[in-house]
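Starting off, we have a lone chain in the form predicted alone, written out as structure tokens.
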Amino acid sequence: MMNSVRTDILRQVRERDVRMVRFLYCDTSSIIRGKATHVRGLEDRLHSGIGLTVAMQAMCMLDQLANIDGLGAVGEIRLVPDPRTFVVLPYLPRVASMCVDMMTLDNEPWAFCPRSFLKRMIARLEGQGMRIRASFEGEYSLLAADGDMLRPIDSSLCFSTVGMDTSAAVINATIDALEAQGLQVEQYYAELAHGQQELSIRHAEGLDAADNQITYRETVRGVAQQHGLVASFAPKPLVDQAGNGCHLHFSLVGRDGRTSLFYDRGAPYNLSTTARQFTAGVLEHLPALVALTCSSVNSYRRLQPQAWSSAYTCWGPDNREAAIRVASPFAGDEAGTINAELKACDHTSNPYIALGALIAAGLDGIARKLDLPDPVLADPSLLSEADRTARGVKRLPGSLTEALDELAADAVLCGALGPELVSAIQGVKRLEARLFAEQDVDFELNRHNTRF
């Protein structure tokens, strides 16, 4: 099967006159990076990969190296592509790309590889007869250069057709490009903030969901650039406007890939016992989990009360101020559409780490037979402090540093990630926190707007 996939790749390269193929990875800082091979060397590179210094997994988003054991000047790994992810890029001439695994020189998964971490968590889930469906629901801002400043392309209203009309050309081109790469677009609308868009793609299983997020980010940004615009995935691109989330939707299915393990028609909110236990695990580990799902300094400008981004550890049916929203299913396909939505997630997360950690937290909930507390059916910020305390509702960390402290104390998540990946995350992210603390707000916004 894999040989036939490689043969098909080489055929596409010839027929579509591809010259360069990018090998893409998402690093510890959640920046998408990569190297490219000329097609003359592609057949060999499909087997052997491309060399990369180990130090790159210690690189922060400001291109400074964190001091992390094992990630220095000495040592090399291989970026080995997954042929299943091959796509010809419709927005760049003669260029294709693939997602990669980071492998040691002995062709073993590297302990610092985020994609390999997700594979381990998927295998753990499958060992219990379960598979995960997930999607990263994308919000982003379309910005235009105005001298040295980036400004939103419009000042339209939420869900406004004026906003849709303003961005129609670039959105239509983006949809064409996504569909040309095999991604199914679900919905689009102009969101609350000026220049803000929401363009969602269909869910996928496990690894494909995270790979799709890489393709999504690359495509949205690449198409915008072709139209002379900047697509910013920064959680808070403008201090006076709503932030950009990347809500992580998830549900579980059986080994057959079809039978919902989340749906129980007779249960409250149609949530099965498995769904309640898995979601309860995510909720319990949420103060630490946000270090991985909201993993930038800028993230914590978005995670504020009454911002529809979630600021408290609670859940509720269709409650958009809760950290976890249980989405109401659609009539006629209740079992197929029931899912939970982690709102405390944004595009500065590495999708492999975010989804893998969510699985680890959920499996802990199943192993310990945790149950969800009573749902919160109101904006949690409007509850009294005493009421929140009685319900066990806590404020999420207020900064990246606080979230990293929570992660360091979470034995389940640290155990799942492994000591190497934990050390890289802590080292890189704490370096970023220190570097941004030395700068002003404009510096922070500019760097996040142009890096993500």
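One-based numbering along the sequence shown. Just so we're clear, the structure is a prediction, and the values are computed from it rather than from any experiment.
What follows is about the form predicted together with a small molecule, which we do not show.
K.L.:
With a 4.5 Å heavy atom cut-off, would you call residue 139 a contact of the small molecule in the model of the complex?
P.N.:
Answer yes; at least one heavy atom of residue 139 falls within 4.5 Å of the small molecule in the model of the complex.
K.L.:
Using the partner position in the model of the complex, report whether residue 253 sits within 4.5 Å of the small molecule, counting heavy atoms only.
P.N.:
The answer is no: residue 253 has no heavy atom within 4.5 Å of the small molecule.
K.L.:
With the cut-off set at 4.5 Å between non-hydrogen atoms, does residue 308 touch the small molecule in the model of the complex?
P.N.:
The answer is yes: residue 308 has a heavy atom within 4.5 Å of the small molecule.
K.L.:
Answer yes if any heavy atom of residue 243 is within 4.5 Å of a heavy atom of the small molecule in the model of the complex; otherwise answer no.
P.N.:
Result yes; residue 243 sits at the interface with the small molecule in the model of the complex.
K.L.:
Which of these residues, 194, 343, 203, 285, gets a heavy atom within 4.5 Å of the small molecule in the model of the complex?
P.N.:
Selected residue: 343.
K.L.:
Only one of 94, 320, 258, 368 comes within 4.5 Å of the small molecule in the model of the complex by heavy atoms, so just point that one out.
P.N.:
Of 94, 320, 258, 368, the residue with a heavy atom within 4.5 Å of the small molecule in the model of the complex is 320.
K.L.:
Among 81-89, 272-280, 222-230, 300-308, mark the stretch whose residues have heavy atoms within 4.5 Å of the small molecule in the model of the complex.
P.N.:
Within 4.5 Å of the partner lies stretch 300-308.
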